[in-house]
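Listed next as structure tokens is one chain, alone, in the form predicted on its own.
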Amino acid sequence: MMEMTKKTLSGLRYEDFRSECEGCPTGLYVLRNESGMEVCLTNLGGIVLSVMVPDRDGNMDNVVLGADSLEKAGTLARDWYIGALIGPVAGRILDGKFRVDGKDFALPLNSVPNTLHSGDAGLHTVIWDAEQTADNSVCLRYRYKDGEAGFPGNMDISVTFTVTEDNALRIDYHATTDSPTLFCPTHHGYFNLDGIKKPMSSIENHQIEIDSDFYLPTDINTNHTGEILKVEGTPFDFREMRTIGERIGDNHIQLQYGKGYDHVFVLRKHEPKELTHAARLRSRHSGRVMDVFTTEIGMVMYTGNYLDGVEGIDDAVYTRRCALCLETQCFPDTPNNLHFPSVELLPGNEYSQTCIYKFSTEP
């Protein structure tokens, strides 16, 4: 009974996430380390609800867009993918069509003319089996049955969230299949290092450095053209620390297509699946810094261009460009761009990915 009424550091209550859907229970899972960092998530969609970290003065704030009830979390994930796990394949697939093992498949379209983030039955909508293995870690598991969401193969998927002692949120993905399929997930967290407040500050005031010399352009429908272009001489050059809003309004066709930044940056890698630094995000206001590490070759920077005033945690209103996503993944729409690295998963192989969001402060 005590757990049912107890609030977390971010103010969330266990009882607001206790439910059952088609016989599957949902709940609130709270991860903490010895220095006080706290992450709350639910097994509905693997949605991260809050991430509490200190600013330069030691004040704790939530730095991700989240929700304070199961119903609200499900709505935000369904409509905006806020805080959720994305897959089996992140990003857009043109016309929802792909070929695997000589067979053609068609996914339901949910963002015409595309299937976006694996459609309306993607990982952001499922109820995962959850096992909290320690105070600082929880493992989510789900089996995609052959044909579920339109993908072939029975896929056994696990995602482990861990809060480390150096104030990082580590996400480890693993998957196997019994038939050739596609698999390339990501996490769709929206970050604002000033904290989730009322009113929200703009992400345009944050600074970012990205370890990337190339980016992937899109067409007017945000489909990837297949080109890989240099960032040099463009508003996509973040090889040195720059303010996000400095050039977001430039008269550049790619920024017009995306209504801002909504693009894949090609990360520097010496070896496949090498865990390397991808980006550093910082707020001069709060002094918070977030470093991103990944084993994947790409990272989407999305500056929340389409958020339109939806209500989130503690009645905060999520407005345009109030937060940004840094989604580590492979390149989107690989079935229609065969020169991109493949995201096929074959029987006998295991998919693995690690993404780390590490928090610190600067004076």
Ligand code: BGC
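All values reported here derive from a predicted model rather than from experimental measurement. All residue numbers refer to positions in the sequence shown, first residue = 1.
The same protein has a further form, the form predicted together with this ligand, not shown here; the description that follows concerns it.
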The one option of Leu216, Leu116, Leu169, Leu267 with any heavy atom within 4.5 Å of this ligand in the predicted bound form is Leu116
Tell me, which of His124, His206, His188, Arg288 has a heavy atom within 4.5 angstroms of this ligand in the predicted bound form? His188
Hey, in the predicted bound form, is Cys330 touching this ligand, heavy atoms inside 4.5 Å? no
4.5 Å heavy atom contact, Tyr29 and this ligand in the predicted bound form: no
In the predicted bound form, does Tyr81 come within 4.5 Å of this ligand, counting heavy atoms only? yes
For Arg92, is any heavy atom within 4.5 Å of this ligand in the predicted bound form, or not? yes
Quick one: find which of 44-52, 298-306, 57-65, 313-321 has residues within 4.5 Å of this ligand in the predicted bound form by heavy atom distance. 298-306
Note that this ligand is not shown here; using its position in the predicted bound form, name the residues of 238-265 with a heavy atom within 4.5 Å of it, in sequence order. Asp262
